[in-house]
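This document starts with one chain, in the form predicted alone, laid out as structure tokens.
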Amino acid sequence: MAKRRRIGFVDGGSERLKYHRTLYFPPRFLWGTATSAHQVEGNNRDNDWWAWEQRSPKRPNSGRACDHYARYRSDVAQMKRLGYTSYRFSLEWSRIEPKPGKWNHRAIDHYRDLIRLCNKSGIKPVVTLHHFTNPQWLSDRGGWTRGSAVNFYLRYVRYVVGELGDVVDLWITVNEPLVYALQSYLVGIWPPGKTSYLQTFRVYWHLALAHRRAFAEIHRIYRERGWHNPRVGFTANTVSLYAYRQHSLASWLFIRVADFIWNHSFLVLTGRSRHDFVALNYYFHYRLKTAHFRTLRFFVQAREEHREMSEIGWEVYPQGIFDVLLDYRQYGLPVYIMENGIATMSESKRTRYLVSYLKEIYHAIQAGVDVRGYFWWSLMDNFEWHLGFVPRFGLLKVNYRTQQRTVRPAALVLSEISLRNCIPHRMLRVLGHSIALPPLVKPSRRTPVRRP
């Protein structure tokens, strides 16, 4: 057997190159899954998404969704059995405040019971206050295009935090504000279906203002009640970017602008001091072929290069999450990956995706990024907005007719990683790491070569 080489360093020391090693994560690292209320609870009849679904038979109808509102106890019990240590979920604003200023105490009691059950099960709750849906009465008044929405949102925040702040301390104010603004007010495929640059900017600005004020309000409430310090942030839909023309000034400038808009603009608008942590959702890697300004036509689709994709066309690119995490290191704040996952019916692909992305997160930690937790999207198959029930992201497979949950192989892989707080080396085999290949056989001249 050949001897392993030693690698010399500048300081004169040396270290044996480790071909086989287990990848350990920091102590108290959070291993969790994520959901949002409208996508899993079912029968959220008082919000704008439900009304939007009813207006056209061509739009997917959420209906019972996963019936999580009634089945949350068994779902939390399943997470406990799997050994997950955190659960990120959202509150449905329209359940809590179905009419302006009228509070549904049964709904807040439901969420309080869910949070207490998580705490009792050793699962840290992470609560999202706004995840795309709004009460219908708010939409009837102009929604987030009006500055009054910020005041209504603050009233809701005061009530919720006052009722739940003693049992939860990790809060997300708004989820993916830029995605919400673009999909609802520029692209127009989400309610209210507008296509206006001006309204898109107004919505984005009001969401930033809402975060700023909610951050201060949550901290004020905790100080007045004598509770432990809360941690408050928002989640950004982050993207990694690549330009075909590496030496083009136009491409370089365009990448810098796109990176700022997607990955940093909300942090700048709200101010770094108004974030206790950075929370990111990562799914997308974009390749810029040529710089031009036709809306949403900037980037090459992965299918044009025959790259590995999810079943809804999102490129599988693990290196991208490392790049994004390294970019966020500049803020000097703790980082949580609040969403990451793949829509696929291939269980081997789901497992490879999970391990490959976690491996890049491990490398980012070694590079100095203070990553505190990872949340797979999602706990179970669910209603994926305008895509309906077709995409399958869940660690738990859901039979929508019977509402039966089935544990997928990737759920067991994440379970072992969570319980051990590491990626055992044998799991890296799913990436092809250190697997011996058989000797290559020279093809016979008589054997025809098939071409695609």
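Note that residue numbering begins at 1 and tracks the sequence as displayed. This one's a predicted model, so the numbers in the text were calculated from it and none came from an experiment.
One more form of this protein exists, namely the form predicted in complex with a small molecule; it is left out here, but the text below deals with it.
Not one of T33, T85 and K124 places a heavy atom within 4.5 Å of the small molecule in the predicted bound form. Of the listed positions (E315, D169, D259, E176), a single one reaches within 4.5 angstroms of the small molecule by any non-hydrogen atom in the predicted bound form, namely E176.
With the partner omitted from this view, the residue of Y357, Y153, F132, F89 that lies near the small molecule in the predicted bound form is F132 [heavy atom within 4.5 Å].
For the chain shown alone, W144 is not a contact residue for the small molecule in the predicted bound form, no non-hydrogen atom being within 4.5 angstroms. The closest non-hydrogen atom of F375 lies beyond 4.5 Å of the small molecule in the predicted bound form. The small molecule is not drawn, but in the predicted bound form it has no heavy atom within 4.5 Å of F215. The shortest heavy atom separation between E53 and the small molecule in the predicted bound form exceeds 4.5 Å.
Heavy atoms within 4.5 Å of the small molecule in the predicted bound form map, among the stretches 91-99, 216-224, 378-386, 359-367, onto 378-386 alone.
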